[in-house]
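We begin with a single chain expressed as structure tokens, specifically the form predicted alone.
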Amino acid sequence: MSCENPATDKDALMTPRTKFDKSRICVKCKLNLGNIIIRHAVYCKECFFPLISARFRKSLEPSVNPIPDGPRKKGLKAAGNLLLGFSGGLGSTVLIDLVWRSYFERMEAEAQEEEKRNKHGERGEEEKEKKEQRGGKDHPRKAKVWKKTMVCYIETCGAFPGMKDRTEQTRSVLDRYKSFEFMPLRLEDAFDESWWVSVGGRPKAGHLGIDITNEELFLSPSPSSTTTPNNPLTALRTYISSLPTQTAIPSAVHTLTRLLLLHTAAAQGCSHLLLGTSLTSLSVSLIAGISQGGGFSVREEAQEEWVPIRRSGGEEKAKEQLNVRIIRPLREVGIKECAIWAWWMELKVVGRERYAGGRQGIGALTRDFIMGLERDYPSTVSTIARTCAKLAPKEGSDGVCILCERPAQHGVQEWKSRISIRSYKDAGVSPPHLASSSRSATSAPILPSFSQTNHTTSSQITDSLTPYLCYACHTTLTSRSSRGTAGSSLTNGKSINESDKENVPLPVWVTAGIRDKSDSKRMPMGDGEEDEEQIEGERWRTTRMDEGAMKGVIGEFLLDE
């Protein structure tokens, strides 16, 4: 390697390896001339399809049965239904085609043939006896792996004005797969109470917003206006346009999309959610996630088992909900192999639009970097995924993040408060431990009581969303950029009102989660009231104090202004 400028001195770069190792003959059959080079190995067209199918099944089938069995020797029978996440991109298009060819193509052909014979009355006694014996192709092992299969497409054009709606185009592409049921959703459903009720959630007794200009993310009741619950589309755009950086926008959209898929899968009785993340996309997600503070949940990027939070109320309904395994069967297949599969299988890729400011985010820069690695050093991309798969957090989880519903690191807020450098000079609001005219009794955000009591007073201490978030989600909502906020690229250059930033609507599952935590806590106290609780064998007394009382207690430690 050389330290010279690679843009002017091309010879200073490391010399790439040759495209193929030894010869142009297929390494699999040793007969045919190769048609594709995969990580310096040459394969012909006839050997390419079994190779990709084998990698796909190897990544998927060990996790199909309720008890994972490693190298499979038993028949496949899932505990619930199957949901396929479809984005319209290359990976999800190849995923759906592979699932259909591996588990449904033969059944569809046999059903059509049997229907044709029954229509013409050509079914004989010998065939009936063979059917009764249930041997060969009719053996129980070759029955349906999943009872029902659905394809969920989430349209994101609502978040970005001017983007084209591709729902109907997606529906037409999926019409060829008769065994799959199409389920379209929209990204604004994350703020729609009717959708939340349809997936088993309880109707919210109130709507909450956050003050995104303060890193404490103080909660406040959302006003009954077009910004929250009446208009989910407006709520979505307010949420996206209020994010502080360009990097935060794709991260927030990814989180909303993932939770929409998971809650839909749980409501439909699905035990598996398959995503079309290729090896290249997985490496991009891993590096970009770590860069944005998601290193604690890096193992969940490859495969995870999501436990639905039981918020439906009834025990019978909770028992019906299954844990959802999120599997990425294409994690051993690169984007190049996916493109060749789609080309040779003549698959139509709908594609995905990217918003105008997307090239400025960490994810886009990481994608460009990884794509360059795969072009020149293809083995490096698989090394990234294998190395990240070995990572494990040192400490245990401190519950689940209320926004992304992934494990949250223990003590993350205390750690962040120690390493962060803060400046309240231009914050626009006072520090949370001091009082000012900007945070008066009438404007202070107060967590509403969902139990419809009269204990809430104007002097109560405000509640914060920060303790309920993981490090990555808190960074997404609060990290600042020297280039300004990201909202201008989504509002045609118009500035965002500060009042909108002080009351940004939250997704429905976040409001429901805060409601559940609020109901489980003791009733709030008024000034001067005392409460006692026992923690780890010690009795603690809590007294609600007003501003004057607090200043009197710590007055001797304050510096003169």
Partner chain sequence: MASISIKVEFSGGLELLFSNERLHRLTIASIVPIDNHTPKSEEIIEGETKLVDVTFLIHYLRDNLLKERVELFMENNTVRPGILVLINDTDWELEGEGEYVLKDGDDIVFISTLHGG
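Residue numbers count along the first chain shown, from 1. Every value quoted in this text rests on a predicted model; they were computed, and no experiment measured them.
Just so it is clear, the following notes concern the form predicted in complex with the partner chain, a form of the same protein that is not shown.
The stretch in contact with the partner chain in the model of the complex, judged by heavy atoms within 4.5 Å, is 343-351, chosen from 246-254, 343-351, 384-392, 285-293.
The partner chain is not drawn, but in the model of the complex it has a heavy atom within 4.5 Å of R24.
Mapping the unseen interface onto this chain, R359 counts among the residues with a heavy atom inside 4.5 Å of the partner chain in the model of the complex. In the model of the complex, the partner chain sits within 4.5 Å of a heavy atom of R375. Among residues of the shown chain, G209 is not one whose heavy atoms approach the partner chain to within 4.5 Å in the model of the complex. Contact with the partner chain in the model of the complex, judged by any heavy atom within 4.5 Å, is made by just one of T156, T466, Q268, S87: S87.
Only one of the listed residues (K28, K517, K45, R57) places a non-hydrogen atom within 4.5 angstroms of the partner chain in the model of the complex, and that residue is K45.
Contact check at 4.5 Å (heavy atoms) against the partner chain in the model of the complex: none of H263, N323 and A512 pass.
Using a 4.5 Å cut-off on any heavy atom, the residues of 267-300 that reach the partner chain in the model of the complex are, in sequence order, G276, S281.
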